[in-house]
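Encoded as C-alpha cells, the following chain is the form predicted alone, with no partner shown.
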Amino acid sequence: MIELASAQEKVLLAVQQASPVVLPIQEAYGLVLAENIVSREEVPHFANSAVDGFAVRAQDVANTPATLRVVDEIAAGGIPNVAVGPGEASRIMTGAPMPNGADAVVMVEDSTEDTTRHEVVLHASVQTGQAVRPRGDDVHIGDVVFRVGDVLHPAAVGVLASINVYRVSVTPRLRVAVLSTGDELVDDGTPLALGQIRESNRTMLMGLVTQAGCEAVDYGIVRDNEQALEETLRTAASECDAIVTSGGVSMGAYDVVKALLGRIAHMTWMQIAIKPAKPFAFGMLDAPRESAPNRQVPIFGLPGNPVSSLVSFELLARPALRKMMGKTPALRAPLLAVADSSLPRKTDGKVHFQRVVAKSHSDGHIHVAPVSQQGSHQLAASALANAVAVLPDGNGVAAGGEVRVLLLSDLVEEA
C-alpha cells in the first residue's frame, strides 16, 4: 500500500493546467483568469449622488434650517441643466450626475420642500463631499483590478462589465466524461432481477464533477465487454478533457476495466492506505490523432462501492481537475472541529475517513457527529454528510476531542 499523500502527489504531478481560451464574460463564471485585467475606464465615470436628496453648496447649509431655491431636478441617467449657485439647490436622485457648483448632497429625509414656491428647507448641515461619489471612486484608469489566477465569481464578472471588458482569457472549464461499468447495473426503471443493482455511482459522480466546476458529460453504463468499453473510452478521449470511471479497478477476476486500461492506456494501479477507497487507478489515454496531436486524457478509475467512489473522487480526482482548471489550492484544506460523539476506529495501518455532519456552533467552533452507518456500500447513510473526519491510524477520537475534517460543501449550517 502507498500513503495517500504519495498517491495525490503522483496524480497532481501527472496532470497539467489546460491552455487558456478567450471567452465572453457571460461564459466565464467560476473560471480562472489567465491574464491581468487593467482598467481603461474610471468607475464611476462621473461624480454622482449617493442618496436621493438635494445637491447644494456645503457652505449654504452651514447654519440650519436653511431655505434654498430649487433650480433643477436631476434623475439617474439625466443631465444637469443648470449650475447650482449661492442659495440654490437641485433635487437629485441616487446615481444622478452632480451639477456644477454643488459639492455635497443633503438627504431628502432632512428636507421640507415647497414645490409651489420652488423652495426647500434643509434641516441638516453637510460637509464638502458628503453623499457624493467622486469620479474614479471605485476604479481608476490603469488599476489592475484582477490578476492571473483570480477566480471570476459573479461580482468579479460584474466589475468586468463595468469597465467595458467583455471578453477575457481564462483557463477553460473541463469537459469530463463520466461512466459506470458492470453487467449488474440497471438504470431503466425496470424491476430488478437477482444479481442486479440500481446504478447510482454515475449519477452521483455527475453531480460531484459539476460541483467541482466542470461540465459533466454522461457516457452511461458500459457492460463488461472489452470492445464496447474501448469504443466508449476512445470516444470520450476524443470529446473530453478527462474521464472518470466507476468500478472494475480492484483485484477481481472479472474486472474488465482493469484488463482493458492495462492494454490501451498508461496506467498506475494503487492500493492506498485509506479506508474507504483503497483501490484507485490513474493513467493517461492517448486521444485520437485527429482530435489533437499528442494529446493525452487523464483517466480516474474509482472503486465500485458508492461511498468509496465518493471519497476517492474527493481525495484524488477532484484535486486533479481543479489543477487542470488553474484553481488553487487543489486539495481541500483540513479544518479543526469538535467531535460531539466518539469517532472510534481500529488500528489497521490506514487513515480512516468517517462521514460526518458538520455544523457551526455559537461557541465559534465547527462540531461534527458521525452518520449512522460507515460501510463503503452504504450511500444512503452517508447522503447527508457534508464532511469527512480524518482519523489517523489508532483508536479514533473521544467525544469532545479535536478532529481534523475535510468539508465536502462550501457551506456549513448553523446548529
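The structure presented is a predicted model; accordingly, all values stated were derived computationally and were not measured. Just count from 1 along the sequence shown to find any residue number.
Quick note: we don't show the form predicted together with ligand AMP, though the next part is all about it.
Ligand AMP is not shown here, and in the model of the complex it never comes within 4.5 Å of any heavy atom of Pro298. Within this chain, Ser111 is remote from the site of ligand AMP in the model of the complex, having no heavy atom within 4.5 Å. Residue contact with ligand AMP in the model of the complex: Ser162 places no heavy atom within 4.5 Å of it. Of the heavy atoms in Ser200, some are within 4.5 Å of ligand AMP in the model of the complex. Comment: ligand AMP is not present in this chain, but in the model of the complex one of Asp255, Glu314, Asp241, Glu88 has a heavy atom within 4.5 Å of it, namely Asp255. With the partner omitted from this view, the residue of Asp138, Glu184, Glu119, Glu226 that lies near ligand AMP in the model of the complex is Glu184 [heavy atom within 4.5 Å]. With ligand AMP omitted here, the record of contacts in the model of the complex names 176-184 of 176-184, 153-161, 229-237, 332-340, defined by a heavy atom within 4.5 Å. Contacts with ligand AMP in the model of the complex, taken as any heavy atom within 4.5 Å, map within 296-312 to Pro303, Gly304, Asn305, Pro306.
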